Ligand SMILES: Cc1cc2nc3c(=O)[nH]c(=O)nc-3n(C[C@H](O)[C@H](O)[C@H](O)COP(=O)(O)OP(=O)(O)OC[C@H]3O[C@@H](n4cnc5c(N)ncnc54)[C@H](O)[C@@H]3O)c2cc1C
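Here's a solo chain for you in structure tokens, the form predicted on its own.
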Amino acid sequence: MTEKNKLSPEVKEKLKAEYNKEWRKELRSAIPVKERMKISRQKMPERNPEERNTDFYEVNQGLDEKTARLEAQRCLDCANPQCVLGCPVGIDIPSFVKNIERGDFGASIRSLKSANSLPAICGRVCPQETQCEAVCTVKKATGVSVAIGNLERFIADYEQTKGKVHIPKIPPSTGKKVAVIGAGPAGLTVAGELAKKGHQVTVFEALHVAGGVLVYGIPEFRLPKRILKAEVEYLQKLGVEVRLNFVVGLTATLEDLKKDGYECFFIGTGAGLPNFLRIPGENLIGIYSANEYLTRVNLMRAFDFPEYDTPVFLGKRAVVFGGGNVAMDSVRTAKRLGADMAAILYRRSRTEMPARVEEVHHAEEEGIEFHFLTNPIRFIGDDQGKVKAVECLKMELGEPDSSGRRRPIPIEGSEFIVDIDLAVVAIGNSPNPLIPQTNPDLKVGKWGNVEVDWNTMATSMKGVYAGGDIIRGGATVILAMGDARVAAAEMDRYLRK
């Protein structure tokens, strides 16, 4: 949604129709509001930390039917649902939750997927606690929100494992060809939305597997690849063609694709260019960017040795620099690969960490060490060029900087040495530069991000739109999907003109 506090007309009409249904009134009267508010939030079952930190099986185990329906009863079915406002893709949350309460799981998933083509993914990696759940009316009244994310995961998993995957009726073909560049969350979302409008959509993906950051960046223990595979197969059933090992800008340019009949384009190539610390010794053996480290382990399945013989350095004393979700993924991966000491070194305090609370909690349970107000200043190598230590400075927090977080300031004379044999740098990424480099008419910002009209996601090139990390830098999956929903609506209008 382009206006933060305003529902789209489509969602308003949908909600209005849903509220008039008799079963909604029956549910409201069956359990009074006061009784609903007495129900405790149902806990997501998790695997034992001492067991899970040695393998790559999923940590969260999902809700069963009985527990999911009980959790759904906590929803008050508000007349003015703020949770919908808090969702970047505008999901009709009350409808999919209330249908879970009444046990109509088919209606629930149809309602959910009308706005979100990747619900099993969002239910696992979306930061609901800062979005839909943050503005939940139940949270305002009781301090604990309805577990919207857990319910989203439940109903998506139910469809994949027990239900029949619902394929909406696709309208007659418009005859219009759309090229989507990048099979990450933004690209996949655009593809699904436009396929449902009757357009002929082809997704061009540089890697040999579709998914983008979902497949190379997020570990198996948070997002099993079978889940992603099923979501991609759903899009293909909608009519989306996925072409792998195709690098737009090298294999073919946008101009080449125009000659092949493509009339509209979406750029969703992400932020795959890693940022580095830029300190002495950063080129020593045993120091990775988070991109390379996680790609080796996740996409190339280095964790599954010897079936996959992908080389990756197995450190016994591993440190990760950064405080976001990528840093949590990296350090928890290092622990699972056999590190005796796996630690986060972060230059600010715990309060400023951008990682999800759940991910930090899981990391602590798994034995990850956290060293706050710590900043690296140089790496130290042995006589074979391998990293053996990192020298750090203690920091203190000053006034807030442009990010709104308090700026870290070095404490003079506080240097100290940490012995390590593996380091992962997870301090953010920059947008992929290939498409801008091969299209000089495409306007980019100071940091290489493609510039767009945020109301339409249109770029400076006619018929070319963009969304996700290529315009934002490193951001969340759900924000990329929100961009994609806006872009898809505008691309549909453009094509129909």
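Note that the structure is predicted; figures quoted are calculated from it, not measured. Each residue number is its position in the shown sequence, starting from 1.
Just so you know, the form predicted together with the ligand exists too; it's not on screen, but the next bit is about it.
The candidate site formed by G184, G217 and L294 is fully in contact with the ligand in the predicted complex, as each residue has a non-hydrogen atom within 4.5 angstroms of it. The contact with the ligand in the predicted complex, taken as any heavy atom within 4.5 Å, belongs to A271 out of A271, V425, I155, L194. For the options V201, V248, I100, I344, the one in contact with the ligand in the predicted complex, meaning a heavy atom within 4.5 Å, is V248. The ligand in the predicted complex is approached by P127, whose closest heavy atom lies within 4.5 angstroms of it. Remark: A475 counts among the residues lining the ligand in the predicted complex, judged by a heavy atom distance of 4.5 Å or less. By the criterion of a heavy atom within 4.5 Å, A68 is excluded from the residues contacting the ligand in the predicted complex. A480 belongs to the set of residues with a heavy atom inside 4.5 Å of the ligand in the predicted complex. Of the candidate stretches 374-382, 261-269, 390-398, 405-413, only 261-269 contains residues with a heavy atom within 4.5 Å of the ligand in the predicted complex. In sequence order, N325, V326 are the residues of 309-328 having a heavy atom within 4.5 Å of the ligand in the predicted complex; the partner itself is omitted from this view.
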